[in-house]
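Before any questions on binding or motion, here is one chain by itself as structure tokens, the form predicted alone.
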């Protein structure tokens, strides 16, 4: 029994090592060759595994790339934790959105993120998985920060938090996807100030 447990433990470790090698290979290759030229065969060769190993765990290259992003989000410095809450909602939101544009402007992430967004558009199953495992949890973190602001009297009690999240993060992602403007700190500040102050003139 002890020998069997050791064997299973060793297999688990090898599987995890192979899994991480595959995900790292997919993330590296999509930056180097682009998503259109990314292939399961290429990922397997880079990772040093057979392509059947990849097909055993993932149905498509899009699914591999998605899990590569999940692996990044598991890292200690990935930022997937509660949003800052200093008591100053405007400053906190500006800080978070500035960190977001730093990531979007990073050449290491630009091509992989665009590839993932394209795949999600054409793959309903992957879109559902993305909503469940990545976008949903991140949206909840954003809403938690807004709830804190509601409790502090900084936001209306009846505010639709989903709409508020869309108003704050939507323009940023739209500009990035369409490449129709620079992602700058000034743009972020304008988004936050417009969302918090509203569109009506002040009296």
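Residue numbers count along the first chain shown, from 1. What you see is a predicted model; the values in this text were computed from it and never measured.
There is another form of the same protein, the form predicted together with another copy of the chain; it is not shown, and what comes next is about it.
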Is residue 175 close enough to another copy of the chain in the predicted complex to count, meaning some heavy atom within 4.5 Å?
yes
Taking 4.5 angstroms as the cut-off for heavy atoms, does residue 72 touch another copy of the chain in the predicted complex?
no
Contact test in the predicted complex: residue 117 vs another copy of the chain, heavy atoms, 4.5 Å
yes
Another copy of the chain contact in the predicted complex: residue 102, any heavy atom under 4.5 Å
no
Of 139, 46, 147, 51, which one comes within 4.5 Å of another copy of the chain in the predicted complex, counting heavy atoms only?
139
Going by another copy of the chain in the predicted complex, which residues of 170-199 come within 4.5 Å of it through any heavy atom?
170, 171, 173, 174, 175, 177, 178, 179, 180, 187, 190, 191, 194, 195, 196, 197, 198, 199
